[in-house]
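First comes one chain, alone, set out as structure tokens in the form predicted on its own.
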Amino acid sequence: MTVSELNKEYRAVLVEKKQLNEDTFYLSFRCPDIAQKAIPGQFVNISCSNFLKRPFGVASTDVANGLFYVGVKTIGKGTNSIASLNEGDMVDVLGPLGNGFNFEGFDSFILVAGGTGVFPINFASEYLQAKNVKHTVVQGFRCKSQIVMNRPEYVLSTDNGDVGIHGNCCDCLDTLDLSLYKNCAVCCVGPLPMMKAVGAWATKNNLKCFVSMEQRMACGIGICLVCVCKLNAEAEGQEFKHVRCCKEGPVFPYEEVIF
């Protein structure tokens, strides 16, 4: 079965590009199917001038206008190529891919984002806001110049302390009054050390935690096995198992992930 038969490959036009800071851009593409189907935690693979597409968590959707949004931090040739697109340019897109966050069975949420994790967490926050579900967004950045997608009501930390709480996301989490969060779950996207620490914090406080494993990806559809990660498999009679982040993930329960 080809990718096109899976109905996941599209041509999309770049509608708008905004520069958020020195190295980060916010792009909107018109693709009504992806806008309609995407759920928080899923991602898209976008073509660039290099051979392989690049994965980006969906940051928002505008179903009425058929738009989906992604944030692009320029790191290498692929992200620089995509950030250099001009409005009106066309790209090939696979998506929406992977699973999403599990919002069922919980009454409130703490959403934690580090670095480019702010983009998929933004989508999660918009979704919960539309459903009138209580949630708090916690963001962590290296410094003030790196802050994007922030709102006054968010709990903010910076490593160097030039704005917000001086520390990391767990320092922010320690300021929360958990008695205000009934039947709460934590959803986290960011660097692996941060997610590991946030998951440990959630476990200590008896909260379910879901993490999005931002692994390197190539195909995005489970064929190449570049994005595998380890999960605990004791319940299946083995120490661990390898799973594909693009197919079985990228979102997993924290307690199942072997960091």
Partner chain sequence: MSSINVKVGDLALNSPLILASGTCNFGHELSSYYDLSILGGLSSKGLTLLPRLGNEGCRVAETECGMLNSVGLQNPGVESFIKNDLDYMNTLGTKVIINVAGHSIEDYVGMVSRLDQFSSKIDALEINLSCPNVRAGCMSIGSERDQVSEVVSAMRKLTKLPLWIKLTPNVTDIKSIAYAAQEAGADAIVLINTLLGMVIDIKTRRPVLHNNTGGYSGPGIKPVAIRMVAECASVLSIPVIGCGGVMTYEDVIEFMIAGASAVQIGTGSLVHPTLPVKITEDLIDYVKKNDIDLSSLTGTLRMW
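Everything quoted here is computed from the prediction, not taken from an experiment. Residue numbers count along the first chain shown, from 1.
Separately, the form predicted together with its partner chain exists; it is not shown, and the next lines address it.
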{"item": "In the predicted complex, D162 touching its partner chain (heavy atom, 4.5 Å)", "value": "no"}
{"item": "is_contact(D92, its partner chain) in the predicted complex, heavy atom dist at most 4.5 Å", "value": "yes"}
{"item": "Contact test in the predicted complex: K204 vs its partner chain, heavy atoms, 4.5 Å", "value": "no"}
{"item": "4.5 Å heavy atom contact, C169 to its partner chain in the predicted complex", "value": "no"}
{"item": "Heavy atom within 4.5 Å of its partner chain in the predicted complex - residue from L67, C209, V228, A197", "value": "V228"}
{"item": "Option touching its partner chain, based on a heavy atom within 4.5 Å in the predicted complex, out of V63, L192, C224, I39", "value": "C224"}
{"item": "Non-hydrogen atom within 4.5 angstroms of its partner chain in the predicted complex for each of L97, R216 and K247", "value": "yes"}
{"item": "Residues within 4.5 Å of its partner chain in the predicted complex, restricted to 231-259 and counted by heavy atom", "value": "Q238, F240, K241, H242, R244, K247"}
